[in-house]
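First, one chain by itself in structure tokens, the form predicted on its own.
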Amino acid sequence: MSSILELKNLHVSVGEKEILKGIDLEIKAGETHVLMGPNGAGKSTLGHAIMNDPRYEITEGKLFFEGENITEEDTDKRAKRGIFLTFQDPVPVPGISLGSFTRSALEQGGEKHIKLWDFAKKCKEVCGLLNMDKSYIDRDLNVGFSGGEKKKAEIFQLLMLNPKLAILDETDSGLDVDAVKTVSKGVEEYQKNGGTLLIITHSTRILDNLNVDKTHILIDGKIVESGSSCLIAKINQNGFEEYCKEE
């Protein structure tokens, strides 16, 4: 399998504070990687740095996507390449509906001639999969949405856009059991269709029905251990204490 994402000695700062301190990571096409760590370890920083959020400055190292150096590339160009990032707390976007936003993203990604009928059919299929009322398609994006509805809207976009790489940042955070099951079903569908995943989490509920290829433990801005999905069970049982002591 070819490499989708490769990070080499990535250092990232916010203001004067260094958050990530030399991250090396390679994700191949179709793989699912899980990044775990305690609060404040730098997990979300990594996701935002991959998307080139201007608040997060890469001070050293390089970032490659499908073999191309994109370290200096703008966020919109990364999105057009097929990199997708969810947020812990998606912001409301008044004046543009979920459907319009998603269709625009598809067109920006290269589907210039998507037919309205085909788009509507796909929307209906995805809404059915997520047990999501079709009326949400016409509502302003995230305006008045509950936490669970916001996360469903993000997974709706994930399935509609079918990006090459999806970075899920604490997607199950704050969700009740039923909402986690629904969101997990959508993520599982994306994975079955050959999607590549980087799942950032300190919980493991969303991972129950997913095949995980590699797990990484991030402590104080450094990946201190990588391994198979067995690491997830180890963390669930023992927490991160032993890794924090090593630091």
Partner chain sequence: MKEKTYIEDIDESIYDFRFKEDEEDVLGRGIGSDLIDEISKEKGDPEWMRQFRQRSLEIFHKTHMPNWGPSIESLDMDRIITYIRPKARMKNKWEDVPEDVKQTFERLGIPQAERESLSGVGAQYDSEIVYHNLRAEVEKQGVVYTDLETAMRDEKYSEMIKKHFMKLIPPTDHKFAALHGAVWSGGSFVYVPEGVKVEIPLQSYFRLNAESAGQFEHTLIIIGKNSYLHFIEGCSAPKYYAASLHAGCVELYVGENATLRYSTIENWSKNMYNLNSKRALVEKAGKIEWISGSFGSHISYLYPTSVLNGEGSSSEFTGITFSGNGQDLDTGAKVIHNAPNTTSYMNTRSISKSGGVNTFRSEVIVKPQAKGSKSSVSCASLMLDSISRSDTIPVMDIRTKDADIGHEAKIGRISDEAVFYLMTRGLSEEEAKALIVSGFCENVSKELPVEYAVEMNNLIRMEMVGSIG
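From a predicted model like this one, the values you see are computed outputs, not experimental measurements. Residue numbers count along the first chain shown, from 1.
The form predicted in complex with its partner chain exists for this protein as well; it is not shown, and the discussion that follows is about that form.
Asker: Indicate whether its partner chain has at least one heavy atom within 4.5 Å of a heavy atom of G147 in the predicted bound form.
Answerer: G147: no contact with its partner chain in the predicted bound form.
Asker: Quick one: is L141 in contact with its partner chain in the predicted bound form, heavy atoms, 4.5 Å cut-off?
Answerer: L141: contacts its partner chain in the predicted bound form.
Asker: Test of understanding: in the predicted bound form, would V93 fall inside 4.5 Å of its partner chain by heavy atoms?
Answerer: V93: yes, in contact with its partner chain in the predicted bound form.
Asker: Is there any non-hydrogen atom of M51 lying within 4.5 Å of its partner chain in the predicted bound form?
Answerer: Answer yes; at least one heavy atom of M51 falls within 4.5 Å of its partner chain in the predicted bound form.
Asker: D133, D176, D89, D118: which sits within 4.5 Å of its partner chain in the predicted bound form by any heavy atom?
Answerer: It is D89.
Asker: Each of F84, E154 and Q157 near its partner chain in the predicted bound form, meaning some heavy atom within 4.5 Å?
Answerer: Every listed residue reaches its partner chain in the predicted bound form, so yes.
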